[in-house]
Every structure is written in structure tokens, then in C-alpha cells.
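Below are two forms of the same protein chain, given as C-alpha cells: structure 1, then structure 2.
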Structure 1
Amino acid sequence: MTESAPLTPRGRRTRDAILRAAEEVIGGRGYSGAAIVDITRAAGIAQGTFYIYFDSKEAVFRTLVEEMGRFTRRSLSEATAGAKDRLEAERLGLRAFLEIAATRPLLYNIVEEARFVAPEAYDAYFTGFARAYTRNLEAAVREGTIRAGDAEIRAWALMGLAVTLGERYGQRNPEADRDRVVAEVFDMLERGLRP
């Protein structure tokens, strides 16, 4: 399974058109319900052109999972860049993640389907996030902005919370009041559940 990186602007536009079409087709129909001919039709290209860039449906699928990881990390980094401390970064990051889930639901579907279609890509997606998240939480402990604890467990717990909330209040309910969701979550994170 290979992917060919285009060298020209036209080639990059064609590859991007294939990826956007694959996001629409695979994200909307599911991996097993999508065919390369459907992707090429949606991209407005000849079927043979697909194979210049990707050698299989699985290759384009894996690329979409990787793209979602890059897009999400970039979006979260931009959203949290001005945060004064880790808790504010968490708040801003959750809000941004809910927005991604609401505005890119088909790509979100693809990442979730990767659990079954490409488990190693799914694992790489989440373990990559968890490693970076763990480092950020450890740095916040050193800076004194959060209390000490097992940063890896906390990273996975916070990621699980975001993924579930993203599905419920982003992907499946794009009109949800995401600010209210974030406020409720942070009331719980900052104050706990005790009365």
C-alpha cells in the first residue's frame, strides 16, 4: 500500500480532490460500501488517475486517517496557542475538538471506522495523540499549573472524554451548544463530582 506524493501544483490539487472525494464517499457510505469508482466519480477524475496517487482504497483510507490526525493536531495547537495555563488549554482544546467533530463529521467517521478497517492506523492515530498529550500534562505539572498524577492515564481519560463528547455533541448533534458542554465538563474537571 503506497501513496505517491505529487510534485506539481496540479498534482497536489488532484490528490487533494481524491482525498476530499474519498472523505465524502467513505465517510458517508462506510469503507465496505465505497468503491474506487465512486471516489473517482466524486473527484471528477478518470479511474486510472486514482492509481497515480494511491494503489488501493485501503491506501487512501489510511491517508485520510493520517490527515485527520495532522488536521486535528494543527487545529488544537492553533486553538490553544494563547492559553495562559494547562486548564485553559484543555478548555480551548475541547471546544476546538467539538467544532472539528461538528464540521468534519465524515472524516470523524473514517477515524472511528479505522478501528476495524485499519487497526494499526487507528492505534497510531490515538497513541500519537496520547504521547504528545502526556508530555504536555507532565510539563504542566512541572510548571505547577496542574497537580501531579499519572499523566499517561490522564491523557487517555481526557482523550476518551473528548472523543465521546465529540460524537454526541459534535458529529451527531452539530447544533449543540458546545460552549455549554465545555462549561459543564470543566466544572466537573476543576471541582470534581463531590457535593
Structure 2
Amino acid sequence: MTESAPLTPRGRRTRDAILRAAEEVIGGRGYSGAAIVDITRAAGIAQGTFYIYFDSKEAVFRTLVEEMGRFTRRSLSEATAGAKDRLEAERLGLRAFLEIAATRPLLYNIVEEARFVAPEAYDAYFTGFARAYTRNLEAAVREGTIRAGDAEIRAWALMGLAVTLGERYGQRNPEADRDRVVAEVFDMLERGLRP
């Protein structure tokens, strides 16, 4: 068990306070720059209280990564709900992803740090998306929406592109014109670079 569930409303509030404080502090200073005392101070509780709800610093971190995973998945599925075809869905998905990067820069940061701090959680996060992506692209090929090709390689390529663009035109520059970014990228992806 990496954390013990609170039994009372009060406990639930405290646990939530810790999670939000951890998001803020770890997202802001990075994992190893964030001290437990910083988190508990930000949460307005005593240091020892932290360990009632989480077994370790790593445990909150992992919880945050998982939370971010759930949040991203939910956001993407909501965003792509009304797409008329699969390519349209991809476009909307990228758009939503950039939006998340812009509006929750701290959580975005946390996921990226997981690459080193909690590699399995990081893998789980991206492998999950890659699988969904791959299935999607395969279906699109079957439907005739896109040309045949290795769906897995394409999936990782598209994810990598999304991650970096999210960092560039979302997290680090929330003012960027993300619609234009999406338009440009999909122009390239759909029609290709060839004249």
C-alpha cells in the first residue's frame, strides 16, 4: 500500500490539501527540490501528518502522476467525443492536449519528471496513450481515412510531437496561438511536406 485512505471527511480534506500542495511544490521546484516540509507548510499541516496519508515522498509523486493520467484521459475523451472522423479526433486530441499543458503547467511538469523519478509510472502513462493511439490509427487505416503504415511507430511519433509542442506552445508559453499550431501540424501530417 503506498497510501492509506482517510476514513472521515476531515481526513479526506487533509489528504486533498496534501495533494494540491504537492502538485504546487513539486511542480514548481521539481521532485528533488521539493522538501516534505515545504509541502506540509503549503498544506498548512504538521510534517508528521503527511505520513498518515502517504508512505513516502515518492508515493505522493506517483499519486500525482496517476491523477494526471486520469485527468488527461478524461479530458481527451471529452474533447474528441464529437469528432466526425478519426483524423478529426486526432486533431481535437492534440488541441486538448496543448490546452492541458497550458492550463496545468505544474502537473505537466510532474509527468515529465516521472521519467526519472518513477519510470514505471511514466511508462504506464505513455504506453497507455500509445496503445490507444495505435488502435485508433489502425482503425483509421481500415476505414480508409488514412494511408496504410506502421501504426505503432506513427503513434509514438505523434505523441512525441505532442509532448514537445505541449511544452513549447502550452506550458512555457500559455499565450501562444494553439489553434494555429494545430492547424500547421495537421496540414503537415495530412498532406505531407512534399509540394
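Here the rigid core means the biggest group of C-alpha atoms that line up within 1.5 Å when the two forms are laid on top of each other. This is a predicted model, so every value here is computed, not measured. For residue numbers, the reference is structure 1: its sequence is counted from 1.
Participant: Which one here is the form predicted in complex with another copy of the chain?
Facilitator: Note: form predicted in complex with another copy of the chain is structure 2; the other is not.
Participant: For a quick test of reading the superposition: does T14 move by 2 Å or more at the CA between structures 1 and 2, rigid core aligned?
Facilitator: Comparing the forms between structures 1 and 2, which are aligned on their rigid core, T14 does shift its C-alpha by 2 Å or more.
Participant: A46: after superposing the rigid core, is there a C-alpha shift of 2 Å or more between structures 1 and 2?
Facilitator: Passes the 2 Å threshold, so yes.
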